[in-house]
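Presented below, as structure tokens, is a lone chain in the form predicted on its own.
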């Protein structure tokens, strides 16, 4: 059954009528429903597709249509496609019925919509700000509205941010951050502890908010690629690829097969160096110094390989709308094979060091457990999800070049630090295989690495299974091909909340270990 018939049957079963039913592409379906049916339709998609809210955002269309628009996106594994439920909201009554009452994974998105657009999610019990902190931003300013004017003055001092309080005999609070030792980003962690075990952890993020979605407005796509490479520096290639895919859809570009294979190689190299870094980080946080330093050498080897084949250690300046700017010829293919042969052996040695160490495994087994039901409710993606038994991997779930390659998606069930480590090891081994297969196919490909298309207006959804998880980019281009609205979702946006559940019952000294096993992005979350 195709996507349209499948979704129509679901809607008919609930007697829901749509005013718009648009299959824009083979993997993108948009349903427009009334305000009265919006929450019900989203709940129906959530249950029938067994999908969390993958993205949820607003768009200011007041100048053209006199409305705001809401889009709530779900993933249909059954039809290998994305389903967007859309509702128009009158500009003189900017409010909608909260989804978060029934779908927890909508909660953070609704808080974001309220603070960025001033659209009220009626019934949402938690409307605290996420990124526009009260100490800096006065009330009544909504940056993603088209008529936004930045405030000139700081707000008057108001009440302090309301952390959730845990009270009782023996309970005490430990505030940590937002400024930390080392070179990690800023984030405030408020622990409530009863003796050693953590009974509550609340996170306050948004300290590195850069207004990237606003910054992108009015840019053409060639300029925007450079911005996307800097959304989260450790995912420069993944972000630029997700963006390029959304632009290529709008322009109707068929990316040459060679460029698609090259993108696989670069994306897997990005996964490899980050997974090596995390394996070493987990070892370092339990004081297992030798494998930690060994992992640093592995990461450095991959970064040097990146430099040799692309002139960029972090794989910048490679993606372009329509394809790739850095080809891999026969000489570079030899360099890659030789380097990865050694790196693969080193990864296996690192695996042996870690998984055969009784003292190390004693620290990571059953530490920081994220249970599958919690992970599903939160809408967790990526490594953290696959370590908790959720086998979602966009490389497998959706059509694309990965369909022509052979690999197994990693999956563990325990949801602890050890599981997240094992997922990274398994994925690294699959990355070696994927790169090898892609290099083999390159030898029989045409030399084209870039195609062009007609610049035009439209909307499209780009997505990538990056090393940390799903990177999602929804975009509207105006008639001049400039960005009118761009919504970005980093896997950390979903996954930071998971950390606050995974640490419960663990001792505070194990928090850095739990935190590193997720390795989330401050910059990608804060945008």
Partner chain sequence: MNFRIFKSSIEKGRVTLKLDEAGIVALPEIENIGRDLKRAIHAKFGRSFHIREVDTGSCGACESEIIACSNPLYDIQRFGIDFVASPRHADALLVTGPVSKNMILALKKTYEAMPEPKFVIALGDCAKDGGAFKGSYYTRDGVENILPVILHIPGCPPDPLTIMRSLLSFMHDFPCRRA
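Positions refer to the first chain, counted from 1. This one's a predicted model, so the numbers in the text were calculated from it and none came from an experiment.
This protein has a second form, the form predicted together with its partner chain, left out of what is shown; the following refers to that one.
Site annotation in the model of the complex: the residue of 328, 303, 320, 397 reaching within 4.5 Å of its partner chain with a heavy atom is 303. Only one of 449, 132, 201, 405 comes within 4.5 Å of its partner chain in the model of the complex through a heavy atom, and that residue is 132. The shortest heavy atom separation between residue 286 and its partner chain in the model of the complex exceeds 4.5 Å. Taking the partner from elsewhere, residue 104 is found to have every heavy atom lying beyond 4.5 Å of its partner chain in the model of the complex. Using a 4.5 angstroms threshold between heavy atoms, residue 346 counts as touching its partner chain in the model of the complex. Shown alone here, residue 356 lies within 4.5 Å of its partner chain in the model of the complex, counting heavy atoms only.
None of 368 to 376, 388 to 396, 185 to 193, 79 to 87 except one has non-hydrogen atoms within 4.5 angstroms of its partner chain in the model of the complex; the exception is 185 to 193. Contact check at 4.5 Å (heavy atoms) against its partner chain in the model of the complex: none of 30, 55 and 280 pass. Although its partner chain is not shown here, in the model of the complex the stretch 126 to 152 places heavy atoms of 131, 132, 133, 136, 137, 143, 148, 150 within 4.5 Å of it, in sequence order.
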